[in-house]
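There is one chain below, alone, in structure tokens, taken in the form predicted on its own.
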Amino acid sequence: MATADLSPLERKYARLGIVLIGPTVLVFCAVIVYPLISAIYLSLFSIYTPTLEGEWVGLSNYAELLAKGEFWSSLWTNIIWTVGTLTLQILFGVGMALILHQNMIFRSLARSLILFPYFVSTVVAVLVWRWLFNDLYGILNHFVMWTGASDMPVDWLGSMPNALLSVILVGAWKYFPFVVIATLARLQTIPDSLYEAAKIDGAGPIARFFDVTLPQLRDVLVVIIMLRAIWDFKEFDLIYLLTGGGPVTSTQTIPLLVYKEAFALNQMGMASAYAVVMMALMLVFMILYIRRTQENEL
């Protein structure tokens, strides 16, 4: 409908809509569009971080980036971290959701407590886990030595593959409650008649899970996996606070590499190039997520 065809009242409401949405558009441009354009622009320069001065290098940063072994090793670590922690989140989250869905004593309290890891500050969580992993007085090492599994304390965060496995474990513990929340919400909407029909057909608990529960959870699990993959792929603070990317660069992911280039090596242009490449990789997950949500709406 053309603007001229609108009544005075409709034009008034149209102007009101523009006024109301205007602040949101400005905030969106300030926090997303401008940083994105700036990152792409800076990636075309060789810039010294403290002064933000440099020279035009075009696509040289990207060519150098792709030729670096450090980029590919960080990308591989990033993939291992994302797949590992996401797999544990799904397994722990779905399992815990199935338990909390049953009629049990103190179920409401248990549902509240299970959210604790997700809501606790990352800094606090990392401090607790570093204490648990400590070589001298960590509870985990005391338990390992008490059971006789090892005669010496285990270096959980200072050697490979212990460091990467420890980071994956902490990441899964920190974020699996999100899976619990989403899965539990879906479980509560599954009709009881489906389970009753399965029981009449002679299906046991395991058969009912694979024939009834899992198909009903498929759509929500796909969305959870896509969202958590995006969030886990860009995870910075938890890994940085636990290992700092060490030992050496064994647990260094692309977000940590961006930080290293920008503030340790003072190469803002190269750091921007890494950030743009990481954004392009995450864009794949975002497109899949958007397409999936649109399919569900249809």
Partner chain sequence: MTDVILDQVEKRFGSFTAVHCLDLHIKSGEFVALLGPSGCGKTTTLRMLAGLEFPTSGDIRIGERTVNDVPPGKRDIAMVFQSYALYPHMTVEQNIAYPLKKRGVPLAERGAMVSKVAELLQLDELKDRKPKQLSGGQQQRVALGRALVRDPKVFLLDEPLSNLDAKLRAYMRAELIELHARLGRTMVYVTHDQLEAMTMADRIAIMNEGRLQQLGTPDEVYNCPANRFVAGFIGQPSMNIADGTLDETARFRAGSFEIGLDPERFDTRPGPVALGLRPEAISIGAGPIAARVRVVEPTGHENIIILETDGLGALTARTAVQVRPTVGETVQCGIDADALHLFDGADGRRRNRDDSMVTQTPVGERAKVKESQ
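Bear in mind that the values here come from a model prediction, so they are computed numbers and not experimental data. Residue numbers count along the first chain shown, from 1.
Note that the form predicted together with its partner chain isn't included here; everything after this is about it.
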Residue contact check: residue 196 to its partner chain in the predicted bound form, 4.5 Å heavy atom: yes
Its partner chain contact in the predicted bound form: residue 120, any heavy atom under 4.5 Å: no
4.5 Å heavy atom contact, residue 109 and its partner chain in the predicted bound form: no
Touches its partner chain in the predicted bound form: residue 201 (any heavy atom, 4.5 Å): yes
Contacting member of 164, 144, 114, 212, with respect to its partner chain in the predicted bound form [4.5 Å, heavy atom]: 212
Residue among 227, 207, 83, 98 with a heavy atom within 4.5 Å of its partner chain in the predicted bound form: 207
Stretch in contact, per heavy atom within 4.5 angstroms of its partner chain in the predicted bound form, of 165 to 173, 68 to 76, 90 to 98, 213 to 221: 213 to 221
